[in-house]
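One chain comes next, on its own, written out as structure tokens in the form predicted alone.
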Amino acid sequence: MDSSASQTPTVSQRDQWMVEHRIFQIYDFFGGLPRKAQSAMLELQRENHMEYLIKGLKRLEPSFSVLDANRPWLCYWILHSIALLGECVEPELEDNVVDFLSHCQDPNGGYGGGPGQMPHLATTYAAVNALITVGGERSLSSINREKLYMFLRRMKDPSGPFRMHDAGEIDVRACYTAISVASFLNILDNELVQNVGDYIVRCQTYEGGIAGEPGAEAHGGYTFCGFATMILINEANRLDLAGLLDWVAFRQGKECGFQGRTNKLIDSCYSFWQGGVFALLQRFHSTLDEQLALPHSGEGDCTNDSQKTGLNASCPVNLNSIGYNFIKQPAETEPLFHSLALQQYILLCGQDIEGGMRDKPGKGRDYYHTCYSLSGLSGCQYSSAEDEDSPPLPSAVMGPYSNLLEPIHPLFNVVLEKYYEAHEFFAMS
């Protein structure tokens, strides 16, 4: 065998080296600047982000026609980004969003990607999160919970997990979007939960992460969806959390950002999908300690983390209270990843100074990466806070303290203030 041929770099290696070169050039330039100039580079460009977001909410370019089946997602990505910045939109725009999403709501339950399109679990999740982010009685009461519950029941496969749409694919994403929506709207019950955990347990791979379906590769987005679902159905203790922590910890690269899968390029959106897993794991300190010390049995009792949150399948618990109890439980550990390094990547490499966020240097800005980069940045900033009411210390915020964003609920990825409003509204209605 020709030894020179075996040393020829692969396409993936070349791509990795190119990304590293671009990022380290930015870091080298940043490191050589005086402190005042460094602070300016690290500043979150709030006004430019708002201009970019409001423009997209009002009118999109013709090129966005390829996302015609994702219009509720665009509403959510943009509105959530605005809420993270601590801003709001004018009442007329809010009314337009509510009216538009109402036209996306199917008469038989669920939301489609646009008016007249078939209902789909992904766009249902996006529409519900967008309406919760708008907030207020008109927006929240526009959701037909009775019909939506029947849609969720139709999407539930007899084997336990969910399908994305009628005759659609079964995967972990479908399980999360269904369970998240049901929990948020206070309609989660044992029938929706039945056997979901069995499916997700089968999706956890030998690496420790969670795949989209059994036998597939562990992936950051599916790992967040799977873990969050297991928390919401009170079965997180069935997962190998020590293996999960090990897998996700090694997804933060030397470029400071996160990759979505082993040996893949980093991407700013995984600031949330991977970073968000750490925010969940921080509330499972005792369970992690037990798993690291003893062989994992998948069984548990009503002590430690479970006693505080009700996060144990063997203990009676109101399923619809889990999300509320979870956020009220303080994180018991320091951040389990390099929070400041990730903030540095987001601000220096993910931020477009003209507004919006991008995947990585060399890529263009878009609303998806803006949403999940800012969500990840918020998660970083609050990762050392003792509880949800404690503001972060200045040392936890990279750059000026004016970079501080609104806190999010880590299970649902909506701004915490909006979560509390919706929780109260649906608990009483």
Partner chain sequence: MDSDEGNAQRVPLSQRPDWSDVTPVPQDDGPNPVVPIAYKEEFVETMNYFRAVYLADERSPRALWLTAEAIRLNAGNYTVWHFRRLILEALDGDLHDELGFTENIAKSNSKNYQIWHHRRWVAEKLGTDATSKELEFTKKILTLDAKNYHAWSHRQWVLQALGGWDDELHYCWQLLEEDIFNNSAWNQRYFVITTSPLLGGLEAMRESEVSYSVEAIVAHPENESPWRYLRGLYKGDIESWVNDPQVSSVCLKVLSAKNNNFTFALSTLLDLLCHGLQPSQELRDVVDALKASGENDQPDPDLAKTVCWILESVDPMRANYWKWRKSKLIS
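Rigid core here is just the name for the largest C-alpha set that superposes within 1.5 Å across the two forms. This one's a predicted model, so the numbers in the text were calculated from it and none came from an experiment. Positions refer to the first chain, counted from 1.
If you look for the form predicted together with the partner chain, you will not find it shown, but the lines that follow are about it.
- Look at 179 to 187, 99 to 107, 227 to 235, 317 to 325: in the model of the complex, residues with non-hydrogen atoms within 4.5 angstroms of the partner chain sit in 99 to 107.
- The closest heavy atom approach of Pro330 to the partner chain in the model of the complex falls outside 4.5 Å.
- Taking the partner from the other structure, the partner chain in the model of the complex has a heavy atom within 4.5 Å of a heavy atom of Gln252.
- Taking the partner from elsewhere, Ser81 is found to have every heavy atom lying beyond 4.5 Å of the partner chain in the model of the complex.
- Within this chain, Arg145 is remote from the site of the partner chain in the model of the complex, having no heavy atom within 4.5 Å.
- Shown here without its partner, the chain carries Glu51, Cys88 and Lys156, none of which come within 4.5 Å of the partner chain in the model of the complex through any heavy atom.
- Along 11 to 27, these residues reach a heavy atom to within 4.5 Å of the partner chain in the model of the complex: Val11, Ser12, Gln13.
- For Gln25, a C-alpha deviation below 2 angstroms is recorded between the shown form and the other one after rigid-core alignment.
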